[in-house]
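Consider the single chain below, provided in structure tokens and representing the form predicted on its own.
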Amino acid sequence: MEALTARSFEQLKSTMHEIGSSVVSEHATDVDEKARFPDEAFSAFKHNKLLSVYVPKEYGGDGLNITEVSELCRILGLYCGSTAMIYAMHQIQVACIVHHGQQSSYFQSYLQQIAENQLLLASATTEIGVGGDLRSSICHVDIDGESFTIEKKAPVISYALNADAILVTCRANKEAPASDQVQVVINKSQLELEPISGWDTLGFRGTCSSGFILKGSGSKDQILPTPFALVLSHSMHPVSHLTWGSLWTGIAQGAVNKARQSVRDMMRRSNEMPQITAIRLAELDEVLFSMKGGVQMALKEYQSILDSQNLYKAEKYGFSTQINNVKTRCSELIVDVVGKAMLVIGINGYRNDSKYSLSRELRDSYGAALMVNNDRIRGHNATMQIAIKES
């Protein structure tokens, strides 16, 4: 396959900013109000081949690294949290295939399809009956000869009706224990989705994360060749928290930008700024600095693991805890940043009809701690603390 004409990362960032300012932000309010999928944004992403940036160049993608993909997620967070979250969730699934599927001819071809057709990938990991435990499944893949069938009751499948394929987590077979899992890619034409719950939420409304009974069938070649336990620890876990942390940083940065602009406009009107407002703006920048620093430190560590081509390093308790810390701290600091930004702006940050409004940012920020509940994550961290070696 002929490789994509080489694009520099700076060009890709510029393109993302352009789409963000001209398309994403223009429709963000409507996406939020109607809790609808951001069609306009993803049409632009597909047109500009931005869904395959993490696909290696030999399959037609841009071959970006995880640090660069996370930066694109951060940029999108400046313009619309829901759009950024969908983009991040798609890239998480792409990473799972890139890291764990290339030994399969089917998935080599599938990576080419992602690049050629700009396929949008979703995932079905959680399941009714197991709570939020990703390491446990009730449903199983039923293999008959060269084919498989599956049925899963999923309380949440983000943008399921708009995805071109869904990666489904399930037990490896009917007799397998709950923790013996695989991941199966099921294309839209192979799926039946029966709605069981809607998505009328406080924030991240455009992710359209409704619940479904999912039924699918296809070729057994569509089962990712790596056990899901390794996919989760080596890729899904770190990529999720790093891309999420990045986009939450983008949302927080957007709130700071509005606060700073409101102060500039205030000074133009009165030629002076109240001391308390100046202090709050400085405090706000301190919190954002801490948020960015945590993400960047963990990204550097995971990028080093990927560059070493030894993903087993991602299983170390110290690294897992660091990745979990990115999720817990960023998901709480974003609330702090947006709240402080609203104090700087004042009543215009509270209004829905103001150019400084932080309503959407504030509502989105409260959803961050609930995506894999922080209490569950801290529980995992607590069990790992005594096993971490000093460094």
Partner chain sequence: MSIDRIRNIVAENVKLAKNIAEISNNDDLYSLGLTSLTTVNLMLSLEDEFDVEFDDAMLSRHTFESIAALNEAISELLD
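Numbering follows the first chain given and starts at 1. Note that the structure is a prediction, hence the values are computed from the model and not measured.
Same protein, other form: the form predicted in complex with the partner chain, not shown, and the subject of what follows.
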* Going by a heavy atom distance of 4.5 Å, is residue 180 a contact of the partner chain in the predicted bound form? -> yes
* the partner chain contact at residue 380 in the predicted bound form, heavy atom, 4.5 Å -> yes
* Does residue 6 make contact with the partner chain in the predicted bound form, using a 4.5 Å heavy atom cut-off? -> no
* Asked: Would residue 315 sit within 4.5 Å of the partner chain in the predicted bound form, counting heavy atoms only?
  -> yes
* Would you say all of 35, 153 and 213 touch the partner chain in the predicted bound form, counting a heavy atom within 4.5 Å as a touch? -> no
* Heavy atom within 4.5 Å of the partner chain in the predicted bound form: which of 98, 230, 191, 287 fits that? Just give me the one. => 230
* Asked: In terms of non-hydrogen atoms within 4.5 angstroms, which of the given stretches 222 to 230, 195 to 203, 117 to 125, 259 to 267 touches the partner chain in the predicted bound form?
  -> 222 to 230
* Asked: What residues in 132 to 155 sit within 4.5 Å of the partner chain in the predicted bound form, counting heavy atoms only?
  -> 135
